[in-house]
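The chain below stands alone and is given in structure tokens; this is the form predicted on its own.
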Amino acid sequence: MIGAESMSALKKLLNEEQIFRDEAVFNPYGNSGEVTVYPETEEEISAVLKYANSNKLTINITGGGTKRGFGGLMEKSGILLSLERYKGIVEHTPGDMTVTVKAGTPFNDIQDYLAKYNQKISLDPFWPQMATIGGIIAANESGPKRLGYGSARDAVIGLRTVYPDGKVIRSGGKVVKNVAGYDMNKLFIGSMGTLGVVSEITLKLRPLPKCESLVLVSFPQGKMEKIKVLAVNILDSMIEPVTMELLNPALANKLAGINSYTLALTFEDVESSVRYQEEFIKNILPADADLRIHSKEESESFWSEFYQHIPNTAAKELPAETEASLKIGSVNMSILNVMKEAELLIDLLNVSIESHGGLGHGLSQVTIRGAAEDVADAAAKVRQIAESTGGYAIVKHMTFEMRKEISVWGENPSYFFLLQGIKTKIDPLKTLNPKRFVGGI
């Protein structure tokens, strides 16, 4: 509990306008705090963590709020640490193609800044205008362009992290060729803020493409074997699509007005290379498939809408229907089976399902909407479908009440004891994001 003594202590660490307390505030996704603090410097982050750790107070961490429904079995911690005011570019070296940013910086703000130098971060998170770079890194988020870009772990070359006791450490470096010692960055990327508060991130950049196009290949007959053959032919060829994302009919219809399974292929390169790859797809196209080629502007519009189709816990109003979203990892082509089986749940459980999966990286996502009980049943069955193919399913979005009934992470992995050991060593008092990660860590 945050009593008068703790409030007085926080006011010594921060200005009064950086502290907000409202007992009546309720968030259906949990992961809140009795008191919200808004540090503006790394020193203030360190001071708050040191005080909380010394006084056995728990801390939840938030940035843009887009991932509040991702994990967590505590409705409120003592303190909600918001990085909303801790943002900005720290250092940009165009020649080395690296940038260092504060963790609370919205992703699109960084991309807009880098665009002036014809550069960008090679990541494509959901809700980029609201999601902060710190949250993206903490969740190891990636989108369909993971096929060409890689994941957050591939983009990060250095971190500054504040430990629960207030100590600040640096891992990695500020240059791409950094090979000394252990790659400590990977310890924090994807740890959901349970080991430390990432304060600064150094990322490697890539140039903006000279030319970009989107090729949509739709399969009106919905034959998965035809989709698989095309995907294998593309993967075995010399062309290099940035995305090869399969959309189910509902999502394809929502984004492109195509009511059938649709493969979204993105090409980014010089114009001659892009046109060559478009022609290659035309030449290997199955007879019963339809093809549409979209320009760079149309491609950008398509993906912009795509990145906003999943639930967003930062939205000001609750949706009319209950929503859940699951991330599924499986052997590459098993995505076809997962998506087809998930489609059967629409009529079986009276829910709507929008799904997509990368036929080059093995990750897919299923978003379910409907009545609460039906959504819960569908989410459980999606996990069963994923596990039947030898894969896994993680709940990326769900209300706090539903998360108490459905395990976000599924069964603990065989290496769970290692995760426990790391958490115990770094955060023995369980100060940071308690019960937010695998196995209630």
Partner chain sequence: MKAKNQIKSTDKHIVNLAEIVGGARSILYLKEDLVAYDCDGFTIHKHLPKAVVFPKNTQEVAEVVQYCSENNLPFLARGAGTGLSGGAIPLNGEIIISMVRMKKLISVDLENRRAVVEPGFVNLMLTNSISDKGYYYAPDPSSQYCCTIGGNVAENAGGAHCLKYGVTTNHILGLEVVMPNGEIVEVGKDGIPDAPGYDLLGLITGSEGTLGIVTKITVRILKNPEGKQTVLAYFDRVEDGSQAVSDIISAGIVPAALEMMDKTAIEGVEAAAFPVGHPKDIEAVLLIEVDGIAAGIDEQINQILEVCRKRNVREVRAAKNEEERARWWANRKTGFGAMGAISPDYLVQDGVIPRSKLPEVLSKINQISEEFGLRIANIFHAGDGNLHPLVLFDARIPGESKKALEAGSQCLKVCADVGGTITGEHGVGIEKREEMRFVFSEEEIAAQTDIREVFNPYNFLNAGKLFPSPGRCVEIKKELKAQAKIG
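Because the structure is a prediction, the values reported are computed rather than measured. Numbering follows the first chain given and starts at 1.
This protein has a second form, the form predicted together with its partner chain, left out of what is shown; the following refers to that one.
Practice item. Please run the contact check for residue 220 against its partner chain in the predicted bound form: heavy atoms, 4.5 angstroms, yes or no? Key: No, residue 220 stays farther than 4.5 Å from its partner chain in the predicted bound form.
Review point. Is residue 345 close enough to its partner chain in the predicted bound form to count, meaning some heavy atom within 4.5 Å?
Key: Answer no; every heavy atom of residue 345 is more than 4.5 Å from its partner chain in the predicted bound form.
Practice item. Decide whether residue 355 counts as a contact residue for its partner chain in the predicted bound form under a heavy atom distance cut-off of 4.5 Å. Key: No, no contact at 4.5 Å.
Review point. Can you check whether residue 30 is within 4.5 Å of its partner chain in the predicted bound form, heavy atom basis?
Key: Contact with its partner chain, no.
Check your understanding: Which pick from 19, 429, 422, 13 sits with a heavy atom within 4.5 Å of its partner chain in the predicted bound form?
Key -> Of 19, 429, 422, 13, the residue with a heavy atom within 4.5 Å of its partner chain in the predicted bound form is 422.
Review point. Looking at 333, 250, 349, 74, which has any heavy atom no more than 4.5 Å from its partner chain in the predicted bound form?
Key: Contact with its partner chain in the predicted bound form is made by 333 alone.
Exercise for review: Could you tell me which stretch in 106-114, 300-308, 185-193, 79-87 has residues with non-hydrogen atoms within 4.5 Å of its partner chain in the predicted bound form?
Suggested key: One stretch meets the cut-off, namely 185-193.
Review point. Hey, which residues along 89-121 are within 4.5 angstroms of its partner chain in the predicted bound form, non-hydrogen atoms only?
Key: Going through 89-121 in order - heavy atoms within 4.5 Å of its partner chain in the predicted bound form - the hits are 93, 95, 96, 97.
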